[in-house]
Ligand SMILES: C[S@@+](CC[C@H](N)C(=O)[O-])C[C@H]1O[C@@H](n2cnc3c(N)ncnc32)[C@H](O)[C@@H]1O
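Take a look at this single chain in structure tokens; it is the form predicted alone.
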Amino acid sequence: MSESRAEWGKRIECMFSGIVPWYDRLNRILSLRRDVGWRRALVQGLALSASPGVLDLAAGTLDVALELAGRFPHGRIVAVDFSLAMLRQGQAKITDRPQPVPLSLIAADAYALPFPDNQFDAVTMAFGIRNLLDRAAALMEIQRVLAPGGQLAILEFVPPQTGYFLLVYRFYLYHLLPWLGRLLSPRGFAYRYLAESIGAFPSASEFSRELQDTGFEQVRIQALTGGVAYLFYGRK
């Protein structure tokens, strides 16, 4: 019997909450620190005013939200995640900073965001969309809270589709990455899930069509690090 959306969400939330102590360190190690540059590129690709309202969805430990706050110090940055443990881990990064950070943290469900319609100039999401069982429903909810003309920016892993690099990447994804996850974290199963979820995600062109099918226009994509990760941008 297949899981309901709520059951799936609870299972994924428990998994992510369970790896909080190792999450940032393993992100840096497993990506050879490329994840830092990828998140920076996500934010740099936004064309916004000096004081925008931006929602960072699936905010995790706030790497993207802090990048947004640094680039838009006069903006309204709201970070949302379904894992309180992740947000609390990110809160420590804010506390450690010498200057106040214009950032609000909210624990909420991506399918039922606690905001009125047409609230944000942009919504960002890094490595979160593939963890949602019903991507179309989440994208429609993002549409709802975006202001007319507002931007969506998504960073996600997309396995290479062809070529020699595909063989190398598949070996890393399905063998080396889970082994490293078991070696460096007592919750190694989470990194087996990571490999499986990346492998199940659609190609860049297929996901671009999903964005268009849910009403986003001016969809553009950018490959990062040989196509290991992609940036997707669209407008309401």
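Just count from 1 along the sequence shown to find any residue number. A quick note: this is a predicted structure, and the numbers were derived from the prediction, not measured.
Below: the form predicted in complex with the named molecule, not depicted.
When contacts are judged by a 4.5 Å heavy atom cut-off, Trp22 does not count as touching the named molecule in the predicted bound form. The closest non-hydrogen atom of Ala110 lies within 4.5 Å of the named molecule in the predicted bound form. With a 4.5 Å cutoff on heavy atoms, Phe72 does not count as touching the named molecule in the predicted bound form; it lies far away. In the predicted bound form, the named molecule sits beyond 4.5 Å of every heavy atom of Val228. Using a 4.5 angstroms heavy atom cutoff to the named molecule in the predicted bound form, none of Leu55, Asn118 and Arg144 count as contacting. Stretch 56 to 64 is the answer when you ask which of 201 to 209, 56 to 64, 43 to 51, 169 to 177 has residues with heavy atoms within 4.5 Å of the named molecule in the predicted bound form.
In sequence order, Asp81, Phe82, Ser83, Met86 are the residues of 72 to 96 having a heavy atom within 4.5 Å of the named molecule in the predicted bound form; the partner itself is omitted from this view.
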